[in-house]
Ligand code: MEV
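The chain below stands alone, shown as structure tokens; this is the form predicted on its own.
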């Protein structure tokens, strides 16, 4: 039967009714329906309130990166990720960084901003001047819409303005800066931007269209630095290899994209574990990498007088420890407890250190042995599982695939059949 995805009122159905319809449309068997009914940490009714058209739950592994010392404090870092070798690689590089004192992360501010797009202005210079004169009034109106945040020491603090040229003419873009404290802050800044929109239109004589948070959080930059011991890295050859790989990324956006993906392997795994918005973090990071006009690495490397590798990272990180899924998801709450961070800024400091470690690990693997050796060693177990190898023989089959340098499903089956015959 040909599938027709035009379904009226799917969202109105109960979860059970959606599953029944999906089963019919996609020919799901009883075992597959049972998978949909494994809701893990949530009751079905709770899951049905999180997003629309819910039919089931999806789970990923959570591991712990060890050996991290950041600003003199030790951390166990929860990471939710499906890719083999990432957690192990980060832990190994954190161990190497400990010899030289670990990671040093700078304080991260809690400033977010919403952009307010003012259009159809007859005299943009006059409008800008009038808005500047009324800045304090606008900030006051914004704060009146979140007195609790004010009481805690946060709230709107300033308004920045930018004039841009577009195909629809000149626009005045206001940035409403808000100290969001320990929240990610998108809802806070958006609500405040909505609140001051009527006043902005009245003062400027223009028309406001968009008023929305920017995920390019340039007021929330995380910076971290570490020295990686030359000998523990693998000697001068390893250091030179990493520096050469970095220069490649610095000169070539095609390489820089994969370079930064290695950084985000660590940062996104922590972002997901703590219930934060992975899409916002990814968007901000890659936009920041492009601010110079061409796409660049988010890290930079050099050596000290002893030939040790110096690594630095600079990246916008709008992470929170309150609000949203950080409180709703029980595993996010557990991850934050394991992490033992006291503020959103501290979480961003940890994330920056993790991203730097992950990047060095990837560059070291590329420079020394090729990324596939370590990655495929761990991946071989997944291949054996997919090939149908019983759990008690997975390690044996995986080891043989590595020795044979044939990490493939068909070869896993050949090895398994050979073992069975014996």
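Numbering follows the first chain given and starts at 1. Because the structure is predicted, anything quoted here is derived from the model rather than measured.
Heads up, the form predicted together with the ligand isn't pictured, but that's what we're talking about next.
- Only one listed stretch (143 to 151, 113 to 121, 157 to 165, 255 to 263) carries heavy atoms within 4.5 Å of the ligand in the model of the complex, and that stretch is 255 to 263.
- Here is the short version: of 83, 247, 312, 229, the single residue with a heavy atom within 4.5 Å of the ligand in the model of the complex is 83.
- Contact with the ligand in the model of the complex, judged by any heavy atom within 4.5 Å, is made by just one of 366, 394, 383, 70: 366.
- Under a 4.5 angstroms non-hydrogen atom cutoff, the ligand in the model of the complex has residue 362 among its neighbouring residues.
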